[in-house]
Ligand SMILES: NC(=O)c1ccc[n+]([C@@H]2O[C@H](COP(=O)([O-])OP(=O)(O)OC[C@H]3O[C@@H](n4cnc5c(N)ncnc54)[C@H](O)[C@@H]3O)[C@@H](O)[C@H]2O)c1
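Given next, in structure tokens, is a single chain: the form predicted on its own.
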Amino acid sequence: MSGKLEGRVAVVTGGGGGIGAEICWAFAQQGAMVAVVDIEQEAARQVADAIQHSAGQAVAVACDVTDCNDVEQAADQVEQKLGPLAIWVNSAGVSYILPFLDCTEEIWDRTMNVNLKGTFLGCQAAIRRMAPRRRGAIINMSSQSGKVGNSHYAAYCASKFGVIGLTQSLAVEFAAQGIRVNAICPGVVPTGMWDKQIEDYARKRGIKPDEVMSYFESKIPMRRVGTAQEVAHVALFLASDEAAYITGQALNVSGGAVMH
């Protein structure tokens, strides 16, 4: 029985860990040939090797998503190794939790460069190759913080709101050329990114680091945080033909924490 993405070539930026890695696995398990793209080459290689050892198809590609030439070269490399691009997921991202007046220009620029510019460059690379074939699916990783602003997240919120605006614009512009563009807005999903900032969030709330996740659980209607696999399942749906009539959407995966 063939998978939902059988024979399709998929790029996943930020594929070396967290949600990106789970998306790589979900796609490979459904027959996609996956390019695990990450600035950390060793992390990308480990994910690609693990997929290969599980009878999936994957290659690792090192890429800085903030560099136009790097992104274009990565796209060329993927097509040379695997074939024409059918799916592109922009999952690379960074996050910093700190008071607005402590947000330096450097932190602001880095957040915008990775989260928003990186998504912009990935979309350009994907659309350049998909448009002549009049088919493709692009999935951009936004956040519930791209729907609702929150304190101590100014740069992150601005970047993720921007991702949704970019997604909607491209969905309108390229729908007639057979390219669907959607976004996913995860809520709290424990990953390596959260490990690095949990102390900052605890400081923000005046609680202990080991109380942060239980704090979130008390605020989420479903009374639990999400998993990277649950986000990956949504990405799989959006990349598949089951979502053939869906474009320009920003789907919440937040346990009911955000409902618009």
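Computed from a predicted structure; not experimentally measured. One rule holds for the numbers: they count along the sequence shown, beginning at 1.
One more form of this protein, predicted in complex with the named molecule, exists but is not displayed; see below.
The named molecule in the predicted complex comes within 4.5 Å of no heavy atom belonging to Ala235. Residue contact with the named molecule in the predicted complex: Gly17 places a heavy atom within 4.5 Å of it.
The named molecule is not shown here, but in the predicted complex it comes within 4.5 Å of a heavy atom of Glu40. At a distance threshold of 4.5 angstroms between non-hydrogen atoms, Val94 is in contact with the named molecule in the predicted complex. Between the named molecule and the residues Met130, Ala155, Val78, Val189, the one pair within 4.5 Å by heavy atoms in the predicted complex involves Val189. Taking Ala202, Val59, Ile220, Met193 one by one, only a single residue has any non-hydrogen atom within 4.5 Å of the named molecule in the predicted complex, and it is Met193.
Looking at 79 to 87, 99 to 107, 134 to 142, 171 to 179, the stretch with residues near the named molecule in the predicted complex, meaning non-hydrogen atoms within 4.5 angstroms, turns out to be 134 to 142. Each of Cys63, Thr66 and Val114 places at least one heavy atom within 4.5 Å of the named molecule in the predicted complex.
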